[in-house]
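So this first bit is one chain, no partners, the form predicted on its own, shown in structure tokens.
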Amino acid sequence: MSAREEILRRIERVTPTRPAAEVAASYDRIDRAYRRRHHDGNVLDLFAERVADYRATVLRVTPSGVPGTLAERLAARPGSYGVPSDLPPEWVAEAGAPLVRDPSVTALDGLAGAVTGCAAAIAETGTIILDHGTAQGPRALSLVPDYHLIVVRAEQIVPDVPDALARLDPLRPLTFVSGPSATSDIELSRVEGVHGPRTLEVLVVA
């Protein structure tokens, strides 16, 4: 028996797995009579405002403007960029920078940045959610390179957290991105880039 199997066996002995029907019934009993959204207005404007509050760069573009804008942003930072192999090809059709599709983990640290899509975005909190499905790549791609450019389509932006969670599969690995990586010490001195990309740029496509 491996160490992992032994650990899981001990956990199972202390907290045995509940039958699926029991878990589902317990989930259905949760009271959801809470306020589900705080905004019904222009969620695109609110999202752009909240993302910018996190010191991220927000650019509003039309679908036809994505290739040119993306090419401009990558040209500003010389180097190679990691992209998922299933990233829409039209997004990077004009990219002059070298693109590395599905880079290996060992190659990530040498990249100038990464370009991905997302699964959903929350206007109220300015949060972008990746479930590492289509056009998003593995989690490491969005965390190791120093620069991350995320393309967010207007239809992916929802008013509040419950709306976003309803769109997501809880069994998938979820990464919540609220601005560039940032942390503060006891004197509140802000340091960016310690736990992820130091620079975040967001293309809002509408």
Partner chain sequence: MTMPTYIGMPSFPDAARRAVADPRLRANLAHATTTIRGRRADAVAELDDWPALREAGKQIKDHVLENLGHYLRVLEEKVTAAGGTVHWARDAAEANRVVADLVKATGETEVVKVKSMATQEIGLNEFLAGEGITAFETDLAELIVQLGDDRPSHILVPAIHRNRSDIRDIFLRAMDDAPEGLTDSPAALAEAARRHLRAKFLSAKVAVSGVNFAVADTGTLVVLESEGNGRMCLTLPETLISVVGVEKIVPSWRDLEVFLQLLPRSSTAERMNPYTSTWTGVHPGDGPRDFHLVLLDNGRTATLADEVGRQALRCIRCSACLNVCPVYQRAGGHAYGSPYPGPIGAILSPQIRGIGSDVDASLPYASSLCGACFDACPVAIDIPEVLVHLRARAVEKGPRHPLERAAMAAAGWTLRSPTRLALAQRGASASRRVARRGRIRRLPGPLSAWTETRDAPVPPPESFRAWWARTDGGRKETGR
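All values reported here derive from a predicted model rather than from experimental measurement. Residue numbers count along the first chain shown, from 1. Rigid core: the largest C-alpha set superposing within 1.5 Å between the two forms.
Note that the form predicted in complex with the partner chain isn't included here; everything after this is about it.
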Open item on the list: Between D86, E124, E94, D102, only one gets a heavy atom within 4.5 angstroms of the partner chain in the model of the complex; which residue is that?
Closed with: E124
Task: Contact assignment for the partner chain in the model of the complex, among L44, L168, V58, V61, heavy atom within 4.5 Å - done: L168
- [ ] Report whether the minimum heavy atom distance between H132 and the partner chain in the model of the complex is within 4.5 Å.
- [x] yes
Task: is_contact(V177, the partner chain) in the model of the complex, heavy atom dist at most 4.5 Å - done: yes
Open item on the list: At 4.5 Å between heavy atoms, is E72 in contact with the partner chain in the model of the complex?
Closed with: no
- [ ] Decide whether P173 counts as a contact residue for the partner chain in the model of the complex under a heavy atom distance cut-off of 4.5 Å.
- [x] yes
Task: Sequence-ordered list of residues in 10-49 near the partner chain in the model of the complex, where near means a heavy atom within 4.5 Å - done: R10, I11, E12, V14, T15, T17, R18, A20, V23, S26, Y27, R29, I30, D31, R32, A33, Y34, R35, R36, H38
Task: Rigid core superposition, D28 Cα moves 2 angstroms or more between this form and the one not shown - done: yes
